[in-house]
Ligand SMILES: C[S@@+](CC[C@H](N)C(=O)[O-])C[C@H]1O[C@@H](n2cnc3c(N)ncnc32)[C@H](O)[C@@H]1O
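Below you'll find only one chain, the form predicted alone, shown as structure tokens.
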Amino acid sequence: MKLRGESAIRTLDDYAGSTMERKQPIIGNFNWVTPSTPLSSINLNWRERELPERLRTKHVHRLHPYLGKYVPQLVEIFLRKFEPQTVLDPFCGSGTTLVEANSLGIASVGCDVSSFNCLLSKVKTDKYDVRKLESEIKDILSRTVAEINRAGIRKELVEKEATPFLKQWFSSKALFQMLLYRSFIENYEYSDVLKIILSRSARSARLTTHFDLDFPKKPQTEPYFCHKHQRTCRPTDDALTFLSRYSLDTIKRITEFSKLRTDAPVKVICGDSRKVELPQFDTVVTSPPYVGLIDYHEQHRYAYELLGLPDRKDLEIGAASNGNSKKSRADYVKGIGEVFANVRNSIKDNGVVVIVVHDKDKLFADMASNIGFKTEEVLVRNVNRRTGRRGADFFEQILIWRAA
């Protein structure tokens, strides 16, 4: 199977490091990886200057902020190494595996319990008439602006349509703008894209500090000293600025990906990967949730409230709200094990599973053999640069299992 992409190899003349490192092709271009490439020859310990954020968040990968996603280049390497006919991600999250698979012409299936994650994954991988999409995005924005200019802020819309959560976390002005925009969404063919623009705008328009968009604990309603800008800042009271900015950015990113997108099928299943019936596949590339680290529903609570999405947070595996106690870790191992046991039922003979995980507690140590897999290799990756404000080194394990 020939994957999409050129085969030419380029080298870094000024690459600092060992002799092996100096022979590495340019970071971001992994066309040289083939099934015969030894994993031990691939440098996965990328520094910021070698794989800058602009490459890690290329095209639709930054269509919407998402905590806990993994690096697309990592996915690309393993797709090129194992050349699947169909790849599954049972924790598809923001759709990284699905996007990378499609760009290489590989069929993909993603499953996630979060309805927001499924919406985002679908929007990233759908096929669009780009001109029509651009027209719709600009039209709904113009329509929203025109209605605001005509009638001003109508408090009755806020009182009638806003939930208590939305009233707490947004100014009346920003909330009205978003609710008005929302009222027009279903008039358009590409309504799911408009929902993502609205959600992204809502994240930025919340009453919170500029330096704590990831985990705000309470609304910020007064001026504050901003650690990001090193000056006194005020919480925003406007969403229209963000709706405009992200409308243009969405057009740009989807247009960029449309030039790479192939006709390889993408299927997104919204459900519990422990129980859903999965189609047959030959490879898994995934990054499961880490125990006690992130509440995946809560990080997008504003989207659930604005878009009326079904909330299944009680089905999350390893949610931060459950902590990292001995019981929580046992529940996590049980839940993750059930997912991969279900995966084992549908994977082809000799199929391969690639799992990227921060397994500091060795929770995956005996899992493979208990559910019909054998561990072929364990790689350790030093994540030298992470988003957010983490200062210490961070290590991930890459587990490679084979269906026994």
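On a predicted model such as this, the values are computed, not experimentally measured, just so you know. In case it trips you up, residue 1 is the first one in the sequence shown, and so on.
Separately, the form predicted together with this ligand exists; it is not shown, and the next lines address it.
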### Query
Would this ligand in the model of the complex be within 4.5 angstroms of a non-hydrogen atom of every residue among 66, 93 and 96?
yes
### Query
Wondering, does residue 123 line up within 4.5 Å of this ligand in the model of the complex on heavy atoms?
no
#### Entry: Close approach of residue 113 to this ligand in the model of the complex, 4.5 Å, heavy atom
yes
### Query
Would residue 273 count as a contact of this ligand in the model of the complex, using a 4.5 angstroms cut-off between non-hydrogen atoms?
yes
### Query
Taking 4.5 angstroms as the cut-off for heavy atoms, does residue 315 touch this ligand in the model of the complex?
yes
### Summary
With a 4.5 Å heavy atom cut-off to this ligand in the model of the complex, the contacting stretch among 99 to 107, 145 to 153, 236 to 244, 264 to 272 is 264 to 272
### Task
Using heavy atoms only and a 4.5 Å cut-off, determine which of 117, 201, 86, 208 is in contact with this ligand in the model of the complex.
117
## Note on the structure
If we test each of 281, 169, 296, 78 for a heavy atom within 4.5 Å of this ligand in the model of the complex, the one that passes is 296
